[in-house]
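The chain that follows stands alone, in the form predicted alone, written as structure tokens.
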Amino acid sequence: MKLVVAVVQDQDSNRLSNALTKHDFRATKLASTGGFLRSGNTTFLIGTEDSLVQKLLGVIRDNCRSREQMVAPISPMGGNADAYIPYPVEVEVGGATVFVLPIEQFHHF
């Protein structure tokens, strides 16, 4: 048994959620924030059998693609302004950060 933790950009969240349901994976969705852009993310917690991990990773890969986006960085408030870039920059967003963790026990009551 494995616990797969997938952090995806909110833009990919609904597409991934629908694909997980279509492929009979049950998931818990958590709202999360982080990264350079401080943008919204969704963290999926998915328990699955070892034999289905590769299938699950394929579903995540197919539905969470990275892309380039122009963003205006948030100005530092009381912080160090030396590294602040005052104009929009192109950054890579999207995709998924995925962790696969072993599960010692699983109970469903």
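These figures come from a predicted structure and were not determined experimentally. All residue numbers refer to positions in the sequence shown, first residue = 1.
Missing here is the form predicted in complex with another copy of the chain; even so, the following discussion is about that form.
Taking the shortest heavy atom distance, is residue 101 within 4.5 Å of another copy of the chain in the predicted bound form?
Flag for residue 101 set to yes.
Report whether the minimum heavy atom distance between residue 45 and another copy of the chain in the predicted bound form is within 4.5 Å.
Judged by the heavy-atom cut-off of 4.5 Å, residue 45 is in contact with another copy of the chain in the predicted bound form.
Does any heavy atom of residue 31 come within 4.5 Å of a heavy atom of another copy of the chain in the predicted bound form?
Yes, residue 31 sits close enough to another copy of the chain in the predicted bound form that at least one of its heavy atoms falls within 4.5 Å.
Under a 4.5 Å heavy atom criterion, is residue 16 part of the interface with another copy of the chain in the predicted bound form?
Result no; residue 16 lies far from another copy of the chain in the predicted bound form.
So, 41, 66 and 105: all three within 4.5 Å of another copy of the chain in the predicted bound form by heavy atoms, or not?
So, yes: the whole triplet contacts another copy of the chain.
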